[in-house]
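One chain comes next, on its own, written out as structure tokens in the form predicted on its own.
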């Protein structure tokens, strides 16, 4: 760090941290510039100390920065001080890159200074772009696969039906059973394609947070699930602030999964929710057979089923869909491995406004 603050110990500490540190006075003039800042911008400390910090920014940030300082001195209103923000920085060679900037104020010997902490986020931004491109590729693949494969599957089913109709009197029972298996396999493949497309597109369907009647939403969701008549659903009368679309996708998949894999034709499903720091803790508990030990580590992966598809129709995408939705909002989903009377899925769902009211 060079050289306005003649404190050797502080200079050593500042030059060893990974983040860049830049100290300016209340006129925007650079007073200190640590080694990480040197690496980030390509300037040596002596090239920037004594000059306005706006030299490290392209337009329009250069003009905006001077206005921020002037407004703060005139009004005392803090716009970027004490918070982080993303801006574009400019290196010595003129190239620009995304940077995360946090600014804090300090007083030293009656003089006001501002300490800027900087971090190059180019790699993170590139990863975000690559992830976005990969998601777009997945969605495109799922759409093409769904569209191009559904037609021949439907054709196979029609051909089988025509053969059954034209030769109904002459077909042996074994052939009729085999034709039934062919049609079931075609239906299964069609459902798998539909679920794959739904999985690929789920992020584009999710909505912003709003006030949701949890009891009403869950009971409406149960009504959409096949073979639901003999299942009792217990849900608290609670109003919460979450994505309605996201919550409905999650509950639809969890409830249908319980009914599909229950060892009896009837059962109990309990939904519970409570506010916590940063969001909500949500759980869905059932009195079914539970999850076998060998599946517990991979139950939320794609194409995982607890039983043979000849026993239970399913694509194995339901819990993977749940995980993707929760991850989209920055939450976590897991199995409660201590619960042994059935199955309990635990969810932490972040919310900036985790309001909670009963009734």
Partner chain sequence: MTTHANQVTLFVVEDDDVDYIAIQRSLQHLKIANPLVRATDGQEALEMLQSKSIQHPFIMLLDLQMPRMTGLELLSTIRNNSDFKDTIVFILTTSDDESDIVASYQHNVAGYFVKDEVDKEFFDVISLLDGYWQIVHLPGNSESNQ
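Numbering follows the first chain given and starts at 1. Quick caveat: nothing in here was measured; it's all calculated off a predicted structure.
FYI, the form predicted together with the partner chain isn't displayed, but the following is about it.
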Fill in: 4.5 Å heavy atom contact with the partner chain in the predicted bound form for all of 188, 260 and 267
no
Worksheet, complete the sentence: Given 158-166, 226-234, 240-248, 115-123, the stretch touching the partner chain in the predicted bound form at heavy atoms within 4.5 Å is 158-166
Worksheet item: Can you check whether residue 129 is within 4.5 Å of the partner chain in the predicted bound form, heavy atom basis?
Response: no
Worksheet item: Should residue 201 be counted as a contact of the partner chain in the predicted bound form, where contact means heavy atoms within 4.5 Å?
Response: yes
Discussion item. I'd like to know whether residue 147 contacts the partner chain in the predicted bound form, with contact meaning heavy atoms within 4.5 angstroms.
Written reply: yes
Fill in: 4.5 Å heavy atom contact, residue 154 and the partner chain in the predicted bound form
yes
